[in-house]
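Only one chain comes next, encoded as structure tokens, the form predicted on its own.
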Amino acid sequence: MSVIQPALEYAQNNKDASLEDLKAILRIASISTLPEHEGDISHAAEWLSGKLQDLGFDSVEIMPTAKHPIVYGEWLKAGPDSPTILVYGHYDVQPVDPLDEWESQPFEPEIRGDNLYARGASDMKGQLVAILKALEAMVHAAHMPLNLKFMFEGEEEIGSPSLPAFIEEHKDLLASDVCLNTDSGILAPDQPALTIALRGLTYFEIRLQGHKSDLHSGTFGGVIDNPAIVLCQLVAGMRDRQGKILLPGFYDDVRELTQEERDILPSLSDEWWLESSGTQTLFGEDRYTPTERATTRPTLDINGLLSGFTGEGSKTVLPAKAMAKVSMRLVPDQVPERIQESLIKYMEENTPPTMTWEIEDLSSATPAIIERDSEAVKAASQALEIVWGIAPVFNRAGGTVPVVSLIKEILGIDSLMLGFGLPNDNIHGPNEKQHLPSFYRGIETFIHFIEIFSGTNKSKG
């Protein structure tokens, strides 16, 4: 009998209990951005802390931050010759608006078909409960072959403002060999995947000022420049019609994909992108497939524009100022600071003397990549193939998970993205769901991963 067979049998025999635990934490409305839910945030942290204590983990603590607390715990009983995994997750969720588009109450979990519907079901309470139930099975089977540390935050959905200071302050406490980030997913119920790269992000607010206050367009139009028009001209000039970004030196640090990397990248059809986006025509750089454009190429987007009169009806105003929110997704080896320098140079070279301008850096995160031949990726690949019966594809995500680059920069360790959400789980939107067969398979995958990774990393801790 395999040493993990008792753990696997325990997981299979306790699916109902796993489902009930998932439902229990989903009933907690831990919305981090709304002050009226601070009590729910505390409740969710206490729920996780209690689960870690019930499993026999040590040094379990709800640690305060400047805003929402971080739940910490550890299992160091495997000894110094065994590797240590830092398990990261977040227990906060997004608001539920628009409520009238939900088919069931967002904080009263409901099963429909193979899916469990509730806010946070996929992002990411389903993933948190999956790893906890895998560990429960291994503890019950008296087989935990490596060391574990846990860091569960309550601010991910608002940008993790307290996390950098927390990690910096507790570097020694959090020291590990690799981070297991369960805030991830697979491509389809029958196609496991590993995310090996994430795009970075830099986000700016650009503000133009033309004159002291709004003016009458009939009196001053044609004599005084219009900040709204100038801003539109500026942002339009940042990108051409094929999606090429025109900021000076923007592509200087871009690491081009090798042919091998392009070959292994899963390619979604044009029809998939059209159907998923609800649009009629695709857009982007001709040399790249839609999947490559969305996951491996840098982008520039306008996320919001504001100027002048925007109320109902008409008002013949010449606005005094204009604002644009501009974000750029970055790829290895682009650096947010260099991109900001590029944007500033563009503004200096192209803004007319009729305007003053300023740029505010709202947020940034560096791109992240984990090598396919790392021990963590190889162990996760084996685990997924054992459970799903098919080898995983290596996926590159177009989105950004700032904690991955943060952990790399401060702790010096890579993050393995291993979770079991699906692309159609409606995260952040109405009717969010967790596919339950994938949830149960995820529990078994975590058990296999821990066993395989511990065996390939003895004496490396």
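In this text, residue numbers run from 1 along the sequence as written. C-alpha atoms forming the largest set that superposes within 1.5 Å between two forms make up the rigid core. Note that this is a predicted model, so its numbers are computed, not measured.
We do not show the form predicted in complex with a further copy of the same chain, though everything after this point is about it.
S.K.: Want to guess which of 337-345, 257-265, 87-95, 286-294 is within 4.5 Å of a further copy of the same chain in the model of the complex, heavy atoms only?
M.R.: Correct option: 286-294.
S.K.: Just one of Ala391, Ile369, Ile111, Leu306 has a heavy atom within 4.5 Å of a further copy of the same chain in the model of the complex. Which one?
M.R.: Result of the distance check: Leu306.
S.K.: a further copy of the same chain isn't shown here, but in the model of the complex which of Glu312, Glu103, Glu358, Asp172 has a heavy atom within 4.5 Å of it?
M.R.: Contact residue from the list: Glu312.
S.K.: Contact between Gly210 and a further copy of the same chain in the model of the complex at 4.5 Å, heavy atoms?
M.R.: Heavy-atom contact with a further copy of the same chain at 4.5 Å: present for Gly210.
S.K.: Using the partner position in the model of the complex, report whether Asp225 sits within 4.5 Å of a further copy of the same chain, counting heavy atoms only.
M.R.: Yes, contact at 4.5 Å.
S.K.: Against a further copy of the same chain in the model of the complex, would Gln191 count as a contact residue? Criterion: heavy atoms within 4.5 Å.
M.R.: Gln191 lies outside the contact set for a further copy of the same chain.
S.K.: Can you tell me if Lys133 lies within 4.5 angstroms of a further copy of the same chain in the model of the complex, counting non-hydrogen atoms only?
M.R.: Judged by the heavy-atom cut-off of 4.5 Å, Lys133 is well away from a further copy of the same chain in the model of the complex.
S.K.: May I ask you to list the residues of 270-288 that have any heavy atom within 4.5 angstroms of a further copy of the same chain in the model of the complex, in sequence order?
M.R.: If the 4.5 Å heavy-atom criterion is applied to a further copy of the same chain in the model of the complex, 270-288 yields Trp273, Ser276, Ser277, Gly278, Thr279, Thr281, Leu282, Phe283, Gly284.
S.K.: If I superpose the two forms on their rigid core, does the C-alpha of Thr291 end up displaced by 2 Å or more between this form and the one not shown?
M.R.: No, the C-alpha moves less than 2 Å.
S.K.: Compare the position of the CA of Glu261 between this form and the one not shown after a rigid core fit and state whether the shift reaches 2 Å.
M.R.: Shift at Glu261: below 2 Å after core fit.
S.K.: Using the rigid core as the reference frame, would you say Ser307 shifts its C-alpha by 2 Å or more between this form and the one not shown?
M.R.: The answer is yes; the displacement is at least 2 Å.
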